[in-house]
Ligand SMILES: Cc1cc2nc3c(=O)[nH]c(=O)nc-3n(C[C@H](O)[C@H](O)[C@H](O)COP(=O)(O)OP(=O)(O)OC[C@H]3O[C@@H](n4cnc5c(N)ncnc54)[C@H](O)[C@@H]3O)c2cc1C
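Quick heads-up: it's one chain on its own, the form predicted alone, in C-alpha coordinates.
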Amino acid sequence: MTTQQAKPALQTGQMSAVAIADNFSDLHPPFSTLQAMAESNRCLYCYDAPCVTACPTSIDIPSFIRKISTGNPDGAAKTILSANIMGGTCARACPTEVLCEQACVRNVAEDEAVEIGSLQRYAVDHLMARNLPHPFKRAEATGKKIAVIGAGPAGLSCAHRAAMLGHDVTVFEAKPKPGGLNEYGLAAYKMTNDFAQREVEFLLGIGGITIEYGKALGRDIALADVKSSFDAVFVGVGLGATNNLGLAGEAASGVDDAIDFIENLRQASDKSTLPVGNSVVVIGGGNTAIDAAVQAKRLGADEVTLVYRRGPEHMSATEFEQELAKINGVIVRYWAKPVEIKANGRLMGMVFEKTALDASGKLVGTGETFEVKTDQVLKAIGQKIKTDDLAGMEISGGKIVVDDTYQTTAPGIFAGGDCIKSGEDLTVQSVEDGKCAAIAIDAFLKTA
(Lines give C-alpha, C1' and ligand atoms only; values in the text may rest on other atoms or scores of the structure.)
Protein backbone atom coordinates (compact mmCIF):
# COMPACT_ATOMS: atom_id res chain seq x y z
CA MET A 1 0.00 0.00 0.00
CA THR A 2 1.37 3.37 -1.00
CA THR A 3 1.26 6.07 1.65
CA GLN A 4 -0.11 9.31 0.23
CA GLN A 5 2.14 12.26 1.00
CA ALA A 6 0.56 15.43 2.34
CA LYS A 7 0.77 18.36 -0.04
CA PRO A 8 3.01 21.21 1.07
CA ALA A 9 1.16 24.27 2.41
CA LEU A 10 1.85 26.43 -0.62
CA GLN A 11 2.94 24.99 -3.89
CA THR A 12 3.47 25.73 -7.55
CA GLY A 13 2.70 23.70 -10.61
CA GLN A 14 -0.93 22.99 -9.78
CA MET A 15 -1.70 24.04 -13.34
CA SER A 16 0.40 24.13 -16.45
CA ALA A 17 2.02 27.40 -17.47
CA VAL A 18 -0.17 27.44 -20.57
CA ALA A 19 -3.36 26.99 -18.55
CA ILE A 20 -2.37 29.75 -16.11
CA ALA A 21 -1.46 32.10 -18.96
CA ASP A 22 -4.89 31.46 -20.44
CA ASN A 23 -6.54 32.07 -17.05
CA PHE A 24 -4.93 35.49 -16.89
CA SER A 25 -5.78 36.60 -20.40
CA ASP A 26 -7.87 39.72 -20.98
CA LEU A 27 -11.11 39.62 -18.96
CA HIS A 28 -12.85 41.78 -21.55
CA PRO A 29 -11.33 41.28 -25.02
CA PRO A 30 -11.19 44.56 -26.99
CA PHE A 31 -13.76 45.54 -29.59
CA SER A 32 -12.96 45.12 -33.25
CA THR A 33 -13.67 48.12 -35.47
CA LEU A 34 -16.87 46.46 -36.65
CA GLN A 35 -18.03 45.85 -33.09
CA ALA A 36 -17.18 49.42 -32.08
CA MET A 37 -19.10 50.87 -35.01
CA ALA A 38 -22.15 48.74 -34.24
CA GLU A 39 -22.12 49.49 -30.52
CA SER A 40 -21.53 53.23 -31.00
CA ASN A 41 -24.62 53.40 -33.17
CA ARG A 42 -26.72 52.23 -30.22
CA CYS A 43 -25.99 55.51 -28.39
CA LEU A 44 -28.90 57.97 -28.40
CA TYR A 45 -26.54 60.98 -27.89
CA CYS A 46 -28.73 62.29 -25.09
CA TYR A 47 -28.85 66.00 -24.34
CA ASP A 48 -27.82 66.41 -20.67
CA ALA A 49 -26.67 62.79 -20.83
CA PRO A 50 -26.90 61.08 -17.42
CA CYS A 51 -23.83 58.96 -18.23
CA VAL A 52 -21.67 62.12 -18.18
CA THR A 53 -22.95 63.05 -14.73
CA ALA A 54 -22.28 59.50 -13.51
CA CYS A 55 -18.62 59.65 -14.62
CA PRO A 56 -16.39 61.10 -11.87
CA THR A 57 -14.19 62.72 -14.55
CA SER A 58 -17.19 64.04 -16.54
CA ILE A 59 -16.04 62.65 -19.89
CA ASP A 60 -18.27 63.91 -22.72
CA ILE A 61 -19.45 60.38 -23.47
CA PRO A 62 -22.03 61.11 -26.20
CA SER A 63 -19.46 63.23 -28.04
CA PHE A 64 -16.72 60.59 -28.05
CA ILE A 65 -19.14 57.83 -29.01
CA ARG A 66 -20.42 60.01 -31.86
CA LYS A 67 -16.85 60.40 -33.13
CA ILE A 68 -16.37 56.64 -33.12
CA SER A 69 -19.58 56.15 -35.08
CA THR A 70 -18.37 58.63 -37.70
CA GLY A 71 -14.99 56.93 -38.12
CA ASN A 72 -12.91 59.29 -35.98
CA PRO A 73 -11.55 57.13 -33.11
CA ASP A 74 -8.52 59.38 -32.56
CA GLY A 75 -10.83 62.36 -32.07
CA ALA A 76 -12.85 60.24 -29.67
CA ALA A 77 -9.70 59.40 -27.73
CA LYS A 78 -8.73 63.06 -27.43
CA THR A 79 -12.18 63.89 -26.06
CA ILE A 80 -11.75 61.13 -23.45
CA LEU A 81 -8.18 62.00 -22.52
CA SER A 82 -8.89 65.72 -22.20
CA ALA A 83 -11.06 64.83 -19.20
CA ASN A 84 -9.27 61.70 -18.03
CA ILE A 85 -5.66 61.20 -19.08
CA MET A 86 -5.84 57.62 -17.75
CA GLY A 87 -8.93 56.79 -19.76
CA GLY A 88 -7.29 53.57 -20.95
CA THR A 89 -6.98 52.11 -17.47
CA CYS A 90 -10.40 53.37 -16.44
CA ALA A 91 -11.93 51.70 -19.50
CA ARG A 92 -10.48 48.41 -18.24
CA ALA A 93 -10.92 48.72 -14.49
CA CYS A 94 -13.82 51.10 -13.81
CA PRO A 95 -16.97 49.51 -12.35
CA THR A 96 -18.92 50.95 -15.28
CA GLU A 97 -21.94 48.88 -14.26
CA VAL A 98 -22.43 51.22 -11.29
CA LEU A 99 -21.20 54.41 -13.00
CA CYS A 100 -21.78 55.51 -16.61
CA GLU A 101 -23.42 52.33 -17.89
CA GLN A 102 -25.84 52.19 -14.98
CA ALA A 103 -27.05 55.67 -15.97
CA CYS A 104 -27.44 54.82 -19.69
CA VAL A 105 -31.02 55.40 -20.87
CA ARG A 106 -30.78 52.22 -22.94
CA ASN A 107 -31.27 50.36 -19.66
CA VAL A 108 -34.86 51.58 -19.72
CA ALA A 109 -35.52 51.12 -23.43
CA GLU A 110 -33.80 47.77 -23.97
CA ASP A 111 -32.61 46.65 -20.53
CA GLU A 112 -29.05 46.74 -21.84
CA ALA A 113 -26.71 49.72 -21.59
CA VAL A 114 -24.38 50.89 -24.32
CA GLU A 115 -20.98 49.32 -23.58
CA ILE A 116 -19.33 52.64 -22.82
CA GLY A 117 -16.23 51.14 -21.20
CA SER A 118 -15.45 48.96 -24.20
CA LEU A 119 -15.95 51.89 -26.58
CA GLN A 120 -13.67 54.05 -24.46
CA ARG A 121 -11.00 51.37 -24.55
CA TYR A 122 -11.36 51.00 -28.31
CA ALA A 123 -10.75 54.72 -28.90
CA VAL A 124 -7.83 55.14 -26.48
CA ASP A 125 -6.11 51.94 -27.61
CA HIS A 126 -6.49 53.03 -31.24
CA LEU A 127 -4.75 56.33 -30.55
CA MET A 128 -1.96 54.86 -28.43
CA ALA A 129 -1.22 52.14 -30.99
CA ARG A 130 -0.48 54.74 -33.66
CA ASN A 131 2.47 56.29 -31.75
CA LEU A 132 1.43 59.76 -32.79
CA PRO A 133 2.83 62.88 -31.11
CA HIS A 134 1.28 63.46 -27.69
CA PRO A 135 -2.21 64.89 -28.28
CA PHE A 136 -1.82 67.78 -25.83
CA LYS A 137 0.70 70.62 -25.76
CA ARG A 138 2.24 72.44 -22.82
CA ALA A 139 1.41 76.05 -22.11
CA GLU A 140 4.22 78.62 -22.02
CA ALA A 141 6.66 77.82 -19.21
CA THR A 142 5.74 79.46 -15.91
CA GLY A 143 9.10 78.91 -14.20
CA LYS A 144 7.26 77.30 -11.27
CA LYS A 145 8.24 73.91 -9.82
CA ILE A 146 5.74 71.45 -8.41
CA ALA A 147 6.57 68.33 -6.39
CA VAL A 148 4.23 65.37 -6.60
CA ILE A 149 4.59 62.64 -3.98
CA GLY A 150 3.38 59.33 -5.34
CA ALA A 151 3.25 58.12 -8.95
CA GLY A 152 -0.16 56.52 -8.67
CA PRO A 153 -3.27 57.60 -10.60
CA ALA A 154 -3.77 60.81 -8.57
CA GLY A 155 -0.11 61.84 -8.70
CA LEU A 156 0.33 61.12 -12.40
CA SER A 157 -2.92 62.85 -13.28
CA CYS A 158 -1.85 65.92 -11.30
CA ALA A 159 1.61 65.84 -12.89
CA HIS A 160 0.21 65.66 -16.41
CA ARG A 161 -2.25 68.52 -15.97
CA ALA A 162 0.34 70.67 -14.16
CA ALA A 163 2.79 70.06 -17.02
CA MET A 164 0.09 71.05 -19.51
CA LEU A 165 -0.31 74.30 -17.61
CA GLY A 166 3.39 75.08 -18.09
CA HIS A 167 4.84 74.00 -14.75
CA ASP A 168 7.87 71.75 -14.24
CA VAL A 169 6.98 68.68 -12.21
CA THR A 170 9.11 66.27 -10.20
CA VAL A 171 7.38 63.09 -9.02
CA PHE A 172 8.79 61.20 -6.03
CA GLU A 173 7.83 57.52 -6.08
CA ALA A 174 8.68 54.91 -3.43
CA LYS A 175 8.50 51.88 -5.71
CA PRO A 176 10.72 51.02 -8.69
CA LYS A 177 7.89 51.48 -11.22
CA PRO A 178 5.19 54.12 -11.68
CA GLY A 179 1.45 53.51 -11.83
CA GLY A 180 0.53 52.81 -8.21
CA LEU A 181 -2.64 50.75 -8.00
CA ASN A 182 -2.76 50.39 -11.79
CA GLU A 183 0.64 48.66 -11.79
CA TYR A 184 0.57 46.82 -8.46
CA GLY A 185 -3.01 46.52 -7.23
CA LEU A 186 -5.46 45.58 -9.99
CA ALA A 187 -6.17 42.02 -11.02
CA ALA A 188 -3.80 40.81 -13.73
CA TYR A 189 -6.66 39.81 -16.06
CA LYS A 190 -7.84 43.45 -16.06
CA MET A 191 -4.45 44.95 -17.01
CA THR A 192 -2.85 42.65 -19.57
CA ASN A 193 0.14 43.25 -21.87
CA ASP A 194 1.88 45.69 -19.48
CA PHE A 195 -0.76 48.32 -20.21
CA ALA A 196 -0.12 50.29 -16.99
CA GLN A 197 3.47 51.02 -18.04
CA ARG A 198 2.52 51.80 -21.62
CA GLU A 199 -0.04 54.29 -20.35
CA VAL A 200 2.49 56.03 -18.11
CA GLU A 201 4.92 56.27 -21.02
CA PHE A 202 2.17 57.83 -23.10
CA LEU A 203 1.27 60.26 -20.30
CA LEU A 204 4.89 61.39 -19.88
CA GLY A 205 4.90 62.30 -23.56
CA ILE A 206 3.55 65.72 -22.56
CA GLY A 207 7.09 66.58 -21.32
CA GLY A 208 8.14 68.56 -18.27
CA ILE A 209 7.74 65.62 -15.85
CA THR A 210 10.62 63.89 -14.08
CA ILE A 211 10.13 60.82 -11.88
CA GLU A 212 12.56 59.92 -9.10
CA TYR A 213 12.13 56.30 -7.99
CA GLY A 214 12.94 54.77 -4.62
CA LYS A 215 11.96 57.98 -2.81
CA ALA A 216 9.45 57.20 -0.07
CA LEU A 217 7.99 59.98 2.04
CA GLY A 218 9.33 59.75 5.58
CA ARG A 219 12.05 57.28 4.59
CA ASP A 220 14.01 58.94 1.81
CA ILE A 221 12.46 62.40 1.61
CA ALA A 222 10.99 64.73 4.23
CA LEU A 223 7.91 66.79 3.51
CA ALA A 224 9.50 69.95 4.96
CA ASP A 225 12.52 69.61 2.66
CA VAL A 226 10.33 69.05 -0.38
CA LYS A 227 8.15 72.02 0.51
CA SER A 228 11.18 74.31 0.82
CA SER A 229 12.50 73.29 -2.61
CA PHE A 230 9.30 73.62 -4.65
CA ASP A 231 6.62 76.24 -5.19
CA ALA A 232 3.82 73.79 -4.37
CA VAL A 233 3.45 70.15 -3.34
CA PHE A 234 0.80 67.57 -4.20
CA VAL A 235 0.48 64.52 -1.94
CA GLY A 236 -0.99 61.44 -3.60
CA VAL A 237 0.29 58.71 -1.33
CA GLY A 238 -2.82 56.55 -1.33
CA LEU A 239 -3.43 54.24 1.59
CA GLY A 240 -0.09 52.64 2.37
CA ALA A 241 -0.93 50.57 5.44
CA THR A 242 -3.30 47.64 5.94
CA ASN A 243 -5.73 46.77 8.71
CA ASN A 244 -5.15 43.75 10.91
CA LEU A 245 -7.56 41.10 12.14
CA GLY A 246 -6.35 41.55 15.71
CA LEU A 247 -6.15 37.79 16.29
CA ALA A 248 -3.40 35.68 17.84
CA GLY A 249 -1.39 33.86 15.20
CA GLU A 250 -1.81 36.56 12.59
CA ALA A 251 1.95 36.48 11.95
CA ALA A 252 1.83 32.76 11.07
CA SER A 253 3.29 31.70 7.76
CA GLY A 254 0.51 31.59 5.20
CA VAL A 255 -1.40 34.59 6.58
CA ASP A 256 -0.84 37.46 4.16
CA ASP A 257 -2.33 40.74 3.03
CA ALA A 258 -4.30 40.36 -0.18
CA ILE A 259 -2.65 43.46 -1.66
CA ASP A 260 0.78 41.83 -1.27
CA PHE A 261 -0.50 38.65 -2.94
CA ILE A 262 -1.87 40.69 -5.84
CA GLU A 263 1.30 42.77 -6.14
CA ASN A 264 3.50 39.67 -6.31
CA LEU A 265 1.22 38.21 -8.93
CA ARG A 266 1.24 41.39 -11.01
CA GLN A 267 5.03 41.60 -10.96
CA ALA A 268 5.69 37.93 -11.77
CA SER A 269 6.97 37.36 -15.31
CA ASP A 270 5.87 33.71 -15.06
CA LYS A 271 2.77 33.24 -12.91
CA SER A 272 3.16 29.46 -12.95
CA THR A 273 6.10 29.90 -10.55
CA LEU A 274 3.94 31.56 -7.89
CA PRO A 275 3.03 29.40 -4.89
CA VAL A 276 -0.61 29.21 -3.86
CA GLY A 277 -2.45 27.24 -1.19
CA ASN A 278 -4.60 24.20 -1.79
CA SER A 279 -7.37 25.68 0.34
CA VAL A 280 -7.36 29.48 0.38
CA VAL A 281 -9.50 31.70 2.61
CA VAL A 282 -10.01 35.33 1.63
CA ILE A 283 -11.49 37.68 4.22
CA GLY A 284 -13.24 40.83 3.04
CA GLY A 285 -16.04 42.18 0.89
CA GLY A 286 -14.44 44.66 -1.49
CA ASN A 287 -13.01 44.44 -4.98
CA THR A 288 -9.56 43.63 -3.56
CA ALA A 289 -11.03 40.56 -1.87
CA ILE A 290 -12.67 39.50 -5.13
CA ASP A 291 -9.45 40.11 -7.11
CA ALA A 292 -7.46 38.00 -4.65
CA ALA A 293 -10.00 35.16 -4.52
CA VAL A 294 -10.46 34.87 -8.28
CA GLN A 295 -6.72 35.03 -8.94
CA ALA A 296 -5.97 32.38 -6.30
CA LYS A 297 -8.47 30.11 -8.03
CA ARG A 298 -7.01 30.88 -11.45
CA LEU A 299 -3.52 30.04 -10.12
CA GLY A 300 -4.73 26.55 -9.33
CA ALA A 301 -5.97 26.55 -5.71
CA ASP A 302 -8.25 23.56 -5.15
CA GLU A 303 -10.70 25.52 -3.05
CA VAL A 304 -11.10 29.24 -2.40
CA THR A 305 -13.54 30.49 0.22
CA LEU A 306 -14.36 34.17 0.56
CA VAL A 307 -15.83 35.09 3.94
CA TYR A 308 -17.62 38.37 4.60
CA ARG A 309 -19.08 39.57 7.86
CA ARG A 310 -22.31 40.94 6.34
CA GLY A 311 -24.63 40.08 3.43
CA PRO A 312 -24.02 40.45 -0.31
CA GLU A 313 -25.98 43.69 -0.44
CA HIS A 314 -23.49 45.23 1.98
CA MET A 315 -20.35 44.31 0.02
CA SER A 316 -18.48 47.18 -1.60
CA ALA A 317 -17.63 44.82 -4.46
CA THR A 318 -20.08 45.32 -7.28
CA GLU A 319 -22.62 42.69 -8.31
CA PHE A 320 -20.52 42.03 -11.42
CA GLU A 321 -17.44 41.33 -9.30
CA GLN A 322 -19.40 39.11 -6.91
CA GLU A 323 -20.77 37.15 -9.85
CA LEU A 324 -17.27 36.88 -11.35
CA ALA A 325 -16.08 35.23 -8.15
CA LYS A 326 -18.86 32.67 -8.23
CA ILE A 327 -18.35 31.94 -11.93
CA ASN A 328 -14.72 31.18 -11.12
CA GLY A 329 -15.70 28.67 -8.47
CA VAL A 330 -15.09 30.82 -5.38
CA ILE A 331 -17.22 29.74 -2.42
CA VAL A 332 -18.73 32.82 -0.77
CA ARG A 333 -19.85 32.67 2.86
CA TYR A 334 -21.72 35.66 4.22
CA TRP A 335 -22.51 36.75 7.79
CA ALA A 336 -19.38 35.43 9.49
CA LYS A 337 -16.37 37.06 11.16
CA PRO A 338 -12.95 35.54 11.93
CA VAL A 339 -12.39 34.77 15.61
CA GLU A 340 -9.44 32.36 15.67
CA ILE A 341 -6.43 31.42 13.56
CA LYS A 342 -5.47 27.79 14.01
CA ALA A 343 -1.75 27.22 13.52
CA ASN A 344 0.72 24.69 14.86
CA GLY A 345 3.96 25.57 13.20
CA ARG A 346 1.96 26.00 10.02
CA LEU A 347 -1.46 27.39 9.25
CA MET A 348 -4.19 24.81 9.81
CA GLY A 349 -7.52 26.63 9.65
CA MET A 350 -9.67 29.58 10.61
CA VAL A 351 -12.59 29.67 12.96
CA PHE A 352 -15.46 32.02 12.17
CA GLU A 353 -18.42 33.14 14.25
CA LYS A 354 -21.72 33.67 12.49
CA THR A 355 -23.04 37.21 12.64
CA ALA A 356 -26.38 38.99 12.47
CA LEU A 357 -27.87 42.44 12.93
CA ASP A 358 -29.53 43.09 16.27
CA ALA A 359 -32.70 45.14 16.76
CA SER A 360 -30.70 48.38 16.56
CA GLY A 361 -29.00 47.34 13.32
CA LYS A 362 -25.65 46.69 14.98
CA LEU A 363 -23.57 43.74 13.74
CA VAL A 364 -23.19 41.15 16.48
CA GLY A 365 -21.86 37.62 16.81
CA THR A 366 -24.41 34.86 17.29
CA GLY A 367 -22.08 32.58 19.27
CA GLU A 368 -22.32 29.85 16.62
CA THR A 369 -18.96 29.02 15.06
CA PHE A 370 -17.57 26.97 12.20
CA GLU A 371 -14.09 26.14 10.98
CA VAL A 372 -12.61 26.29 7.50
CA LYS A 373 -9.49 24.20 6.91
CA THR A 374 -6.97 26.34 5.09
CA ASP A 375 -3.29 26.63 4.30
CA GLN A 376 -3.40 30.22 3.05
CA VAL A 377 -5.32 33.22 4.36
CA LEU A 378 -5.49 36.47 2.43
CA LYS A 379 -6.68 39.54 4.37
CA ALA A 380 -8.58 42.18 2.42
CA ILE A 381 -10.16 44.08 5.28
CA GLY A 382 -9.24 47.60 4.26
CA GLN A 383 -6.30 49.93 4.13
CA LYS A 384 -5.36 53.04 6.02
CA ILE A 385 -3.12 56.03 5.57
CA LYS A 386 0.38 56.21 7.04
CA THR A 387 -0.13 59.28 9.18
CA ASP A 388 3.37 59.46 10.66
CA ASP A 389 4.77 60.92 7.42
CA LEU A 390 2.25 63.73 7.17
CA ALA A 391 3.06 66.03 10.08
CA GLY A 392 1.45 69.45 9.76
CA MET A 393 -1.64 68.20 7.95
CA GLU A 394 -4.94 67.57 9.71
CA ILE A 395 -6.15 63.98 9.49
CA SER A 396 -9.80 63.16 10.12
CA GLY A 397 -11.51 59.81 9.75
CA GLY A 398 -8.28 58.32 8.46
CA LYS A 399 -8.05 60.79 5.56
CA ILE A 400 -6.12 64.02 4.89
CA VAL A 401 -8.41 67.01 5.28
CA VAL A 402 -8.55 69.27 2.22
CA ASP A 403 -10.66 72.30 1.31
CA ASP A 404 -12.62 72.86 -1.89
CA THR A 405 -9.37 73.55 -3.75
CA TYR A 406 -7.68 70.31 -2.57
CA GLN A 407 -5.36 72.32 -0.29
CA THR A 408 -4.52 70.70 3.03
CA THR A 409 -4.28 72.54 6.33
CA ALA A 410 -0.57 73.00 5.53
CA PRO A 411 -0.40 76.03 3.17
CA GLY A 412 0.95 75.25 -0.27
CA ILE A 413 0.48 71.49 0.16
CA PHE A 414 -2.37 69.88 -1.78
CA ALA A 415 -3.61 66.29 -1.73
CA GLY A 416 -5.83 63.93 -3.68
CA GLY A 417 -6.67 60.31 -4.40
CA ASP A 418 -7.43 57.62 -1.85
CA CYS A 419 -5.66 59.57 0.93
CA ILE A 420 -8.47 62.18 0.96
CA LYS A 421 -12.22 61.81 1.23
CA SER A 422 -13.59 62.94 -2.12
CA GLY A 423 -15.65 59.97 -3.29
CA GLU A 424 -15.29 56.24 -3.75
CA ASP A 425 -11.74 54.86 -3.61
CA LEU A 426 -11.57 54.26 -7.35
CA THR A 427 -8.88 54.94 -9.95
CA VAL A 428 -11.24 57.23 -11.83
CA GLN A 429 -11.86 59.35 -8.71
CA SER A 430 -8.11 59.61 -8.08
CA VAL A 431 -7.56 60.79 -11.65
CA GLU A 432 -10.22 63.45 -11.17
CA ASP A 433 -8.67 64.55 -7.86
CA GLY A 434 -5.24 64.89 -9.44
CA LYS A 435 -6.55 66.86 -12.41
CA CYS A 436 -8.60 69.26 -10.30
CA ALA A 437 -5.80 69.71 -7.78
CA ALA A 438 -3.39 70.67 -10.57
CA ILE A 439 -5.81 73.34 -11.77
CA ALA A 440 -6.17 74.59 -8.19
CA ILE A 441 -2.40 74.63 -7.73
CA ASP A 442 -2.05 76.67 -10.92
CA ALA A 443 -4.52 79.24 -9.56
CA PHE A 444 -2.71 79.23 -6.20
CA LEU A 445 0.65 79.93 -7.82
CA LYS A 446 -0.75 82.83 -9.83
CA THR A 447 -1.80 84.57 -6.62
CA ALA A 448 1.04 83.46 -4.33
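Keep in mind that this is a model prediction, so the values were computed, not measured. Numbers follow the displayed sequence, beginning with 1.
There is another form of the same protein, the form predicted in complex with this ligand; it is not shown, and what comes next is about it.
For the residues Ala232, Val304, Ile149, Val124, the 4.5 Å heavy atom test against this ligand in the predicted complex is passed only by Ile149.
The partner is absent here, but in the predicted complex a heavy atom of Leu181, alone among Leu81, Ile283, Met350, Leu181, sits within 4.5 Å of this ligand. In the predicted complex, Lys190 approaches this ligand with a heavy atom inside 4.5 Å. Looking at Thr288, you'd find a heavy atom of it within 4.5 angstroms of this ligand in the predicted complex. For the chain shown alone, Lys215 is a contact residue for this ligand in the predicted complex, at least one non-hydrogen atom being within 4.5 angstroms. Contact annotation: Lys175 falls within 4.5 Å of this ligand in the predicted complex, judged by heavy atom distances. Each of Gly155, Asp418 and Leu426 comes within 4.5 Å of this ligand in the predicted complex, counting any heavy atom. In plain terms, the part of the chain that comes close to this ligand in the predicted complex, with a heavy atom within 4.5 Å, is 91-99 out of 365-373, 91-99, 197-205, 338-346.
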